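First, one chain by itself: the form predicted alone, in structure tokens.
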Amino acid sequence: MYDYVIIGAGIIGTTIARELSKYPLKVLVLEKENDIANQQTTANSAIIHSGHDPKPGTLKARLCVRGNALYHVLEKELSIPLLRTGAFVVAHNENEEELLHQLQERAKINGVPQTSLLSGDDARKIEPNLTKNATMVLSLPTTMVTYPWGVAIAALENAIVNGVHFRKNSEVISIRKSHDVFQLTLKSGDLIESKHVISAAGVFSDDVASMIEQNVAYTIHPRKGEYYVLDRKAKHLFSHVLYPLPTEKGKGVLIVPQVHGNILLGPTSTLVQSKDIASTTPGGMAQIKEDLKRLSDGMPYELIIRSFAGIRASSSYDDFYIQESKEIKGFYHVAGIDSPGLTAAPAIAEYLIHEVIQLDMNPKPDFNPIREKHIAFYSRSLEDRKRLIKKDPRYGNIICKCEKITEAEIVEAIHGPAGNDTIKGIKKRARAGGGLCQGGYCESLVLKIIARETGKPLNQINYYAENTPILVQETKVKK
């Protein structure tokens, strides 16, 4: 019997799990996918927004600003990367300049500090590749960038160390409540019992809610965003996040420096029918290039190393929906968490536990908030590298040449508290395959390491999801 079962191991579910791990509770996180942070958390813009955009008085506004502040705490406790870029929202004429003034006023109402307006010329002194047509920008210095799935993995690792249980490939197919106990049936046939259930199921939140409620208060409308990624050779081109003026569809197509030196371009924003098919399209890719003309005059598209798409959980409810069920006591909705969900995540966890659930118990005296910092081997001093190689020779074997990732780091990614044994899972944790060649050189080597470490045959190693083997059959065998 668990005290709390959390459905979903994205950035929301994992930060909730970490918040609950501070207390003497038995907690289980269930994830239907083969890894942590496989949906929205993997495919987003990675921005820790300032809070300038949400409508004043909403949970989105309040929790965005609070979440932005909490990331400074997470940086120290969980050793997550934060790139303090600041941001410019760009205007091109007098009408748009007036909208910038209104946006600055909204930011002030929301409690965003240090905002200012700069002329286009002054902004170009800071960002030389800003379009020559920009006449004014709103500067938002508290805007930052992080590594989204890295935050989710770090939060869940810390939660696991502090006693939380985690099960992947554990899709919930039914929920019922009997005698104050929730019974969750998994696709595998397993039955889980819990006193409380928290649904942090992202785009599937309304589907999960309909398993237990007759009248779900919201509907999730999946919205697809498509992106380009530029090679690190473009790192010097932009130091700030660049936004267009926001619209009803969202914040628009952006230019986003990333913590590992890449530049992210996107996203588009298109309502779609499917909740789990995220593919790029010629139209979406073309739209990114067209919209970026409003931010920069000459983007180096020859430096594109990959494109991708993701689905986010837009909701019919015009705000985050973080409430206890009106029908079933003990069932909690954390739904409609689209932008700025990544930013608000730690504040959402705090708000849910302390204001919605109103948990009334003392924290565990032995709670450990610190996750040991992983320092990339290539960034260490020469003496430190020599010491590590002497201790473990696998540090001397470079597997991913683009990202300079060693065999030892890949092994750590497989066996860590929230480790993973798939090709993409290793890419998310160790960045092997994240560079210019996108795994062209190292993927076969990573495959062999996973097989060795797990004891599985090569043809049973998955790319990511279950039943996605990289190898299907031998092509060179003796007859």
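Note that the coordinates shown come from a computational prediction; the quantities given were computed from them, not determined experimentally. For every residue, the number given is its place in the sequence shown, counted from 1.
Another form exists, predicted in complex with a small molecule; not displayed. Remarks below refer to it.
Not displayed here, the small molecule is approached by residue 338 to within 4.5 Å at the level of heavy atoms in the model of the complex. Contact annotation: residue 250 falls outside 4.5 Å of the small molecule in the model of the complex, judged by heavy atom distances. Heavy atoms of residue 377 never reach within 4.5 Å of the small molecule in the model of the complex, leaving it off the interface. Mapping the unseen interface onto this chain, residue 39 counts among the residues with a heavy atom inside 4.5 Å of the small molecule in the model of the complex. The single contact residue among 65, 410, 47, 423, judged by any heavy atom lying within 4.5 Å of the small molecule in the model of the complex, is 47. Of the listed positions (265, 197, 208, 123), a single one reaches within 4.5 angstroms of the small molecule by any non-hydrogen atom in the model of the complex, namely 208. The chain is drawn here without the small molecule; in the model of the complex, the stretch among 309-317, 77-85, 398-406, 212-220 whose residues come within 4.5 Å of it by any heavy atom is 309-317.
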